[in-house]
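Taking the form predicted alone, here's one chain by itself in structure tokens.
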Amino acid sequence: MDTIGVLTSGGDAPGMNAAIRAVAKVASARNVRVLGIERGYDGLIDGRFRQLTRAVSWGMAPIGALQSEGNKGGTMLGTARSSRFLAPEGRQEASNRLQSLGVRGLIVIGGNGSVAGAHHMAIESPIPIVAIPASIDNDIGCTSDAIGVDTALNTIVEACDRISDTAQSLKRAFVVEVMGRQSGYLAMSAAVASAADAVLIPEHQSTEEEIVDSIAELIHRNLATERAKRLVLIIKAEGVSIPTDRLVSEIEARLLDTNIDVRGVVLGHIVRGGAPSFHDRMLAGRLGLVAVEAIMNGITDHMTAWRTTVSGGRLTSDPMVELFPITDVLNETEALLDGSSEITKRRIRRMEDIQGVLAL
């Protein structure tokens, strides 16, 4: 009987469990056994495996716990960053573990670092390896969406709605920090959805002085003039150069004579938690199906991609999902993050176009 492995690695994202469940269900339908690998690449090196399928009279079926676990956030397999896996010796040990159990292929669910790890192991190991993108930052190349992004955005928008309620009652300005070390996608999307007055993203590469000047002026114009506005909401990505607490202090110093109250809120890991949305469960299911099919067809060193705008992908049984060589994914990811990608350039132009609209 064929056996495949699945692991989650790097930062957790809502929908990872749904992807694990999808892999187990699709594989079971093909009478393929699935081994879950706990604690990411570290667990793979250490041989921390658990059965995700079981033998039944008609073949294979997912274990019962997967049905409910698939609806939860986080990852039932756990995740960890592995320094040992960075070395060729660590990857060889991981490959040996899989081969000793007769594992035919490995599916890796995770973000940029996890996908890069899958690539290095794929070119060094005879075992087919396919990656599924899962990262709330939506900073993975070749795919328009990654598992976890939609849930994270819903969480941010809900938090901003709650903050807006209290801010309007007391006439305040709030700077809300969301995740996004190198990518401002979450901040940009949430700013539009929550009708924020401004958004700060790392892609703009503004200086601290420029940021403080523009935000202080925006708040003063909206709360200390004849406007009847009672709330100013600024969404800030964590990767912006000035820390949120210092930004708030600097703004308050500029507005000392106005009695305007400015507060900072760091949402942090709240953004990563919670049950996955419909979209993330659907995405997990469809990417999981294609990943299993790819493994069974002997495809390796590829990543599943959703509604891509990049050429060069391999068509699959799902018209919305393509498979891209991971080298292409990593190259496009680097371009996304350094600003040379046309996608990043379009995002920045779009934000520049709507900045004036946000402040109305």
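The first residue of the sequence shown is number 1, and the count goes up from there. What you see is a predicted model, and the numbers here were worked out from it, not measured in a lab.
Keep in mind that the form predicted together with a small molecule is missing from the display, and what follows is about it.
For the marked spot (Cys142, Gly312 and Glu332), a heavy atom within 4.5 Å of the small molecule in the predicted bound form is absent from each of the three residues. Taking a 4.5 Å heavy atom cutoff to the small molecule in the predicted bound form, the contact residue among Ile136, Ile107, Leu287, Ile235 is Ile136.
Arg81 is the sole member of Arg221, Arg81, Lys171, Arg263 with a non-hydrogen atom within 4.5 Å of the small molecule in the predicted bound form. This chain is displayed without the small molecule, yet in the predicted bound form the stretch 173-181 from 92-100, 212-220, 117-125, 173-181 comes within 4.5 Å of it by heavy atoms. Contact check for Arg272: a non-hydrogen atom falls within 4.5 Å of the small molecule in the predicted bound form.
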